[in-house]
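What follows is a single chain, given as structure tokens, in the form predicted on its own.
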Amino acid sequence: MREVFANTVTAAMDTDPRIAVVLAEISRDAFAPAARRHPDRVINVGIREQLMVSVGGGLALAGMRPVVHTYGPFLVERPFEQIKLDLGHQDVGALLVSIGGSYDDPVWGRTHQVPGDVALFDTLPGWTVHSPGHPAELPALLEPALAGDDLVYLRLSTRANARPYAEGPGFTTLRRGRRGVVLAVGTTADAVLAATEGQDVTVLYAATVRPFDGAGLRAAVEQLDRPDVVLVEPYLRGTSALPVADALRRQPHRLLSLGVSRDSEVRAYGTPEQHDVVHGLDAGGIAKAVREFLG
């Protein structure tokens, strides 16, 4: 995903003089071609992530379109005050792009894990949030984000589904059934499809989670025998529980949320696949949870 991201942004910089990239060391090699062609629009501030976001805010105030990028926890958690004040409170936009998902590189420990990033953005108004599951989904998300002036967070991962699933800005239907809806976000799609193989459920897929496609969820639920929803997200469990409740506020329903555990912190490094198992986000864990919930 990072390679597609860098190539797409670099190509856009050739035709749009508003676009400027702000880095904090991470991915500087990926943007080396852009820096050679546009040395005044690729800014590496070093390991100063709060400054990185503030520089992005200043560029936006000057009429530029800043693309601010580094590893997830250093982009969202460390400079969260600057995101809140230097972007949101100033009423200026930026495209913030993280890499690393929730725990793509667990060998680096807790410092490089950020399962709470989307939940943090939910505390601020006006953000569009993308969580793609395949590199081929990126251009359709990036191109309007680069051309606009809005607040956009793009959550990249070093992991990916076997193929792209997104067919538009709303939810894409991957499978139809009548006993429940399973909503798979981003990189969870392959595991959800494997987990629900042979089960009479509708599977929806989302690469964009904010704004939340409430109309798409309601339309799927209306086709069910029972209004049961399973939400599978690659970040903090239950992050989208509120948008689901808002979408179905006139419809009695049951909701099961799966995602990165809120109850404990995983301190064993391991592999991403082992973390999936711990959090119940592997195909076996999802299948067990769905079977027990739907009965």
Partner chain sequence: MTAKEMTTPRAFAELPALIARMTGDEKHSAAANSTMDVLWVLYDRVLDVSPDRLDDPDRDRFYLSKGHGPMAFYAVLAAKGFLDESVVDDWTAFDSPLGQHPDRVLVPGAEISSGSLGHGLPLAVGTVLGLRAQGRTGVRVVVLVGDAELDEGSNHEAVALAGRLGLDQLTVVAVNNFSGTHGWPGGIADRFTVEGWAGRTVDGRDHEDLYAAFTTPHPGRPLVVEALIGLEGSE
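Positions refer to the first chain, counted from 1. These numbers come from a predicted model, not from an experiment.
The same protein also exists as the form predicted together with the partner chain; that form is not shown, yet it is the one meant from here on.
Task: Partner-proximal stretch of 66-74, 266-274, 52-60, 227-235 relative to the partner chain in the model of the complex, 4.5 angstroms, heavy atom - done: Result for this chain: 52-60.
Open item on the list: So in the model of the complex, is the partner chain close enough to Leu255 to count as touching (4.5 Å, heavy atoms)?
Closed with: So Leu255 does not count as contacting the partner chain.
Open item on the list: Does any part of His89 reach within 4.5 Å of the partner chain in the model of the complex? Heavy atoms only, please.
Closed with: Yes, contact at 4.5 Å.
- [ ] Evaluate Leu248 for contact with the partner chain in the model of the complex, applying a 4.5 angstroms cut-off between non-hydrogen atoms, and reply yes or no.
- [x] No, Leu248 sits far enough from the partner chain in the model of the complex that none of its heavy atoms falls within 4.5 Å.
TODO: Spell out, yes or no, whether the shortest heavy atom distance between Arg48 and the partner chain in the model of the complex is within 4.5 Å.
DONE: Yes, Arg48 is a contact residue.
TODO: Go through Asp150, Glu197, Glu81, Glu222 and name the one with a heavy atom inside 4.5 Å of the partner chain in the model of the complex.
DONE: By the 4.5 Å criterion, the partner-contacting residue is Glu81.
TODO: Could you spot which one of Leu124, Ala119, Ala140, Leu85 gets a heavy atom to within 4.5 Å of the partner chain in the model of the complex?
DONE: Of Leu124, Ala119, Ala140, Leu85, the residue with a heavy atom within 4.5 Å of the partner chain in the model of the complex is Leu85.
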